[in-house]
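Heads up, what comes next is one protein chain in two forms, each shown on its own as structure tokens, labelled structure 1 and structure 2.
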Structure 1
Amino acid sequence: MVQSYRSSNKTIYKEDACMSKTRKKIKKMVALISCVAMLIAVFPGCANQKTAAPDKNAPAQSDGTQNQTPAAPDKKVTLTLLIGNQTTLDGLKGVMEAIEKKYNIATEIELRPGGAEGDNVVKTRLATGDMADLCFYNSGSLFQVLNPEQNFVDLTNEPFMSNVLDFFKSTVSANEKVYGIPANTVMSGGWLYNKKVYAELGLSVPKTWDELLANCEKIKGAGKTAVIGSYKDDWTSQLILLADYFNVQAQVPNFAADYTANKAKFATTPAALRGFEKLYEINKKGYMNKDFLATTYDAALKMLAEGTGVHYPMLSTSVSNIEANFPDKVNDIGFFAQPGDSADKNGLTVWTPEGIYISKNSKNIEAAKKWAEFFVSQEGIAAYVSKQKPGGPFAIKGATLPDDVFPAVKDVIQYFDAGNTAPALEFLSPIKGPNLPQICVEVGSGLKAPSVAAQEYDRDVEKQAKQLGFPGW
């Protein structure tokens, strides 16, 4: 009994061994096949990309024959536009519709995040040659970092570039070649304020920093937030410092040139240091909302529109965002330039608009140029204005603003008419330290004294200049 049991057991073992051998073989086969399958899946991935472009146009051809309008070329082209998700799109969309009607060039919007994360998306896509046909991005110092000569199409000799104002061209140029068209209206940095509350409290627009502080004191006394801080979106913390540049250049006219050449520093130039001091003062006097470190840009605009906060140091174009969310409140919002220490030198710091650049890797460069041509034409402006009220003047020759612009924009235009404007430092110099938002948060929340912060920022600037290989550092 025992023996027979054992022998039967042995045969079972043998069978088992056999089974495990075949199993091993099967396993090997499966592994091999799956490896091959993965490789195959990767390769057509590359191949597909190459064939994708003509494919896209294939169905469009039939579209073209159906389209009877004579102005439209027979092929429909679709361009892609990479743009930050915090941009107001209404005006742009208006232009895009007009372009599609006229040239049969459709535009597809690809959204990317704003701020530093957005910068990374743009840089990565440029580096991998995967940029959209049109790239919407800052002009000035941030644009310089993108290596424009390699990545974008040179527009210097395009006839339509004569429509663009020269001061804008200088901010999208590298080595005297122009690469971009103005994507937006000119922005101004300063203080948005709630006119209703100003009227209630009997305040007038401040012309000096001390008057501004006096206004803040009264607003604080009335139980409202005098200055809205929105440091959760840390880029917003820089506004007081950057918008002070008109006052800096009023006192030290060649600061930008010296600064670029490593001769002037924030810490050693009292006029420049004032910007940090102002930021510090606002916090020290307790004018800010309590939760300013957790408040976002959108929440801040809400406070301003509803009048719980009265001042918001911001870009003038934010009124478009207010209009989008609180259309009935936008007429309560006014704007003034950041005041300096004396009343007779009062003027506005101006941000040139973002640019739209054409990617060198684009397959539709001709269409993109047509797109750009329309964009800077009077027709283009008309299409823009029909969908979105401009947040400031255009950087395009002969463009006039409609009469029904927002009150805040009217306030802005006064400074332009009087000629009291200066471009912000970041458009005069390619140098801007990447840690400025964080440093401003530290000063603006009272963690760091202005002089210390200025020194730290100077080091940050030095680091950038060295890393990016600017001459003279």
Structure 2
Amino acid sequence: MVQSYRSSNKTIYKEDACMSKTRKKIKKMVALISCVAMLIAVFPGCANQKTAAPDKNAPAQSDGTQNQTPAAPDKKVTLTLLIGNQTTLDGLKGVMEAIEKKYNIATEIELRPGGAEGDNVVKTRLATGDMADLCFYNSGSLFQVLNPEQNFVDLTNEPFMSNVLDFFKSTVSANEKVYGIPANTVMSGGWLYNKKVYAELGLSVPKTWDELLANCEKIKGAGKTAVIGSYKDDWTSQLILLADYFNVQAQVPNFAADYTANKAKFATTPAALRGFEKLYEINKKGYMNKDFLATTYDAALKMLAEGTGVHYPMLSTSVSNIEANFPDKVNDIGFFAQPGDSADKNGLTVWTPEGIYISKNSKNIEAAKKWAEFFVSQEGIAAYVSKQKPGGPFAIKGATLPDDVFPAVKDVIQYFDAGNTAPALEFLSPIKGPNLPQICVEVGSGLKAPSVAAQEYDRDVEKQAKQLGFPGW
């Protein structure tokens, strides 16, 4: 994929450059593991912090002042922002309105699909030079395949980047240059559940996979959908597999490094294969809604909010979508980490925030930098929180959580407070197979055995690693 963006008469140069980049990527990943580990240390106790008021000790802005910005220019500038159509926009719009008021910089939103279809839209627009001024997209391994050095503006030395926590910078960096700002909050992968139904059925939060299955059996017996599937939006099919990474790391601490170095496989590592087995088992036991292939993400959240479905394997930040559409139901929703096979090793898999990147082809780069500067300032955080409760901790220095966060977010914070968290695999390794959503749909539909799916995904990963030029593949 790297080569597809470059002219064909530079093959030797590209291979040398690629190997050099690879070595740097490996070094970067070592640094990433250390920095992401900081995430675990950064957030404990944040549930007890106060509201996101401007911090007198906040980092300075680009003009050397603290949260002070120039007067709005006379001429209005309009930036375009490409973003997934399932992203909650309330907080983002709050920041946009504040930016327009202060800088006379308006923001025009361009929506794209989610999942693989959305990935292709982003890659196509980058390849054709048609990217919006600002691109809202994943951090971590998926960011790496966008060829950031070619497509995005280097923000490494922008003064406002001192506001951003280092663990996040590591996930939006390539060859020691930083290209993105955090677009939202830290996310956690696990199980959203309807607390009201849990109380009605006398259920307790499960600490093991068997306990979760026992709860599902009781829910099924009560005539409700135990596990909501929403494979119409295929990206949602991955959550059971990806959220299981805390359990993988608990059993095989070196899995991420060995996987990156082509020394460990999903198919031959029982702890990693277990994620595919769990996905398959949920379907085979009849716990899912019958129309899971036609159900969308939005429809799934409706089922969860109304209690017709009781569990939804999902990112914790989805509670913001529930608040937007079912505000009177959001306090009925709780969250727990994906259980492993032992209650002694119960913990949470964590995602760093998505990023916002400035297109190199933008004709408004300076305005986009000013936009980004405000977004990561204390004023920006205050504008965000004024319109939307955060779904998790921010990756901005000095930003704290309000006291009235959602109950599901309070559930998440308990894992941070206890130190029982681990980064998702895609933030510990730069390699993620692009066909994982489709593979998970097949496993979660009961159409493909876990062992076969794991072998197929290993081949998908191998193909991606070779395209990116990683050594040992």
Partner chain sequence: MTRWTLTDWQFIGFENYITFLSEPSLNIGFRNTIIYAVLTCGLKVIFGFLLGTFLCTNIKTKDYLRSVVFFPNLLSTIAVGVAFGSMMHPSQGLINKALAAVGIIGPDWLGNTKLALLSVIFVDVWKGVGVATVIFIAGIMSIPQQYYEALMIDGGGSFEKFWHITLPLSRPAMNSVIILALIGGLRSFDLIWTMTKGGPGFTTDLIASIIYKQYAAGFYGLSTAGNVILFIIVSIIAFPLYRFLTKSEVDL
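Each residue is numbered by where it sits in the sequence of structure 1, with counting from 1. Worth saying up front: this structure is predicted, and the values here are computed from it rather than measured. For clarity, a rigid core is taken as the largest C-alpha set superposing within 1.5 Å between two forms.
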Looking at both, which one would you say is the form predicted alone?
-> 2
Take the rigid core as the frame of reference and indicate whether the C-alpha of residue 305 shifts by 2 Å or more between structure 1 and structure 2.
-> no
With both forms fit on the core, has residue 247 moved 2 Å or more by CA between structure 1 and structure 2?
-> no
Once the larger parts are superposed on C-alpha atoms, what angle in degrees does the smaller rigid part turn through between structure 1 and structure 2?
-> 11
Core overlaid, residue 99 C-alpha shift between structure 1 and structure 2, how many Å?
-> 3.3
